[in-house]
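Single chain ahead, by itself, as structure tokens, in the form predicted on its own.
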Amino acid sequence: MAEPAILTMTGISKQFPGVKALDNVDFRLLPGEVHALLGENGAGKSTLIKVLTGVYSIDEGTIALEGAPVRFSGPSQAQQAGISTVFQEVNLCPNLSVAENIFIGREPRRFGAVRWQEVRRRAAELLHRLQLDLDVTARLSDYSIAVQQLVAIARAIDISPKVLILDEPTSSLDSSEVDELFRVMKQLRDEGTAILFVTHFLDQVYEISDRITVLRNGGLVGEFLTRDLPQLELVAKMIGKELEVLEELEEQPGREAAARAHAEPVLEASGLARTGAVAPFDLSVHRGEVVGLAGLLGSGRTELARLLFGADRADHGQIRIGGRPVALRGPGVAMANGVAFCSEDRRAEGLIEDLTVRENIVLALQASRGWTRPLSRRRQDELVEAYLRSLRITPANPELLVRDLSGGNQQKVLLARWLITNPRLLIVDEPTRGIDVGAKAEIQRLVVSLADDGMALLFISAELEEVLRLSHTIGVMRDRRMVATLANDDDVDTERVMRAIAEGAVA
């Protein structure tokens, strides 16, 4: 007889203005298992966790814990019921000691005074249970992010939770630190704790999880035993393409030029790496070439792009731009060498929503000139008018606040900001995500046009068809490694790229 689920979520739906984040989703969690919750960006993973823990209310559906209906008003109430969550960003106080962090907010007291000796003793016992040898009186900031993550887990299990949710706990850890985390997870699983594990790393899913639930676009794809689901099928379910029914791409402007000899490399990266972010990789982008990066969310695509723009500093390797070695100490150096970067997070890292369309467009050009050489208003108006027209930004009002534009037009404003600097290499990270079909087609045509005019582009997209349609060369990312580089010729199709993602090598 199958063991009853400790947690059951049935018919869960959650609507936000204009978006159905969850649509009739079922989920169950058994005691003594590690259950991986997977899906691409926007699949509904975070929403499901927030609904479970009371951050969001439920529009439809029921939640049962140990067979009894529950509905929480917030994470504190969920924790009291036995559901603890450890988030990707360690939500502790680095200036306090290890022991203080474990018991903050629930310190043992006597006559109102904290019993510090008992705090330290109980903290040491709790860490000893997890086979962690730490000085509980040391400041948390004295330890690595990996150890801080384990301290957060120790805090979470102090209440003996029935359910432990680990949301991207390995995103900032190296391989040895992941091994230590998995040792603790296996110990807790063997003690009967039910663990909900959210990650984007496929190898880790198959190493640690017992079952997998896949979400896509707010809906449930299915629940599977990990041992019964081949990695290639998992990738297909996450992306939404079954291999036997893959459609032929209608048009691939890049393929005609894929065989061109690109004699002039704009950027060359050799052995470039950043510990914990991207393993060493080689990459060249030539004049008039679109290099696409394919891979699942969390595979390292954005981290690679940030290294090439100097937004993050590389630990190893070399970059040459225009044939010259360049030390990318920051984005200013990259911009001075003709490299531009459109971030995937156009709101947090791209646009300044309280500025006008005009002010946003001229921002990068003005920064490259320096604030002692301001662009005249007349010159600003000329440049902005040209890009409003060429990119068909609507409404074509340069004095409109950029926050009042649609997502597609905001993306065009961000592209205009960088195009106005006339870069040699343009890095675009998910430029068509979250915009309507018409705007997406316009941006795709722009990418092809820029390459035809001689610009080098690094194009990142979660949509494999889009990468195939636009790219001359495809770099395949998996678990923060570049596992393949494919010339986009007649032998390359979606199945081959998906197989490289799933298997970690060229198929």
Partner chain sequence: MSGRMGAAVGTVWRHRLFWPVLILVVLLLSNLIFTPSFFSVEMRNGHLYGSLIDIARFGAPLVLVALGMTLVIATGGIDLSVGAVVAISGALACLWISKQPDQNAVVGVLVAVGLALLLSLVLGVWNGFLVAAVGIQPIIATLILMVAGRGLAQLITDGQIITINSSPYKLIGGGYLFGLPFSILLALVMTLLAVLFTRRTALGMLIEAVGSNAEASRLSGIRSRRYTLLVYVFCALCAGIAGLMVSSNVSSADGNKAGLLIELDAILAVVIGGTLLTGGRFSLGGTVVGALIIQALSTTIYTIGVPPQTTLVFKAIVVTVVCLIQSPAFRAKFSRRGRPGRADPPARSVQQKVEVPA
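Since this is a predicted model, take the numbers as computed values, not measurements. Throughout, rigid core stands for the largest set of C-alpha atoms superposing within 1.5 Å between the two forms. Numbering follows the first chain given and starts at 1.
Beyond what is shown, the protein has a form predicted in complex with the partner chain; the following relates to that form.
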Revision key, fill the gap. The partner chain in the model of the complex has a heavy atom of only one listed residue within 4.5 Å, and of L391, I420, M335, I153 that residue is M335
Exercise for review: Could you tell me which one of V362, V413, V285, A99 places a heavy atom within 4.5 Å of the partner chain in the model of the complex?
Suggested key: V362
**Study point:** Stretch in contact in the model of the complex with the partner chain, which is absent here, among 382-390, 267-275, 365-373, 218-226 (heavy atoms within 4.5 Å)
**Key:** 365-373
Practice item. Would you check, heavy atoms only and a 4.5 Å threshold, whether R403 touches the partner chain in the model of the complex? Key: yes
Review point. How about R211: is it within 4.5 Å of the partner chain in the model of the complex, going by heavy atoms?
Key: no
Exercise for review: Would you check, heavy atoms only and a 4.5 Å threshold, whether A396 touches the partner chain in the model of the complex?
Suggested key: no
Practice item. Classify S57 as contacting or not contacting the partner chain in the model of the complex by the rule of any non-hydrogen atom within 4.5 angstroms, answering yes or no. Key: yes
Check your understanding: Has the Cα of V51 moved 2 Å or more between this form and the one not shown, judged after a core fit?
Key -> yes
Check your understanding: After fitting the rigid core, is the C-alpha of E463 off by 2 Å or more between this form and the one not shown?
Key -> no
Check your understanding: Closer or farther apart in the model of the complex, the C-alpha atoms of A462 and Y56, for a change of 3 Å or more?
Key -> farther
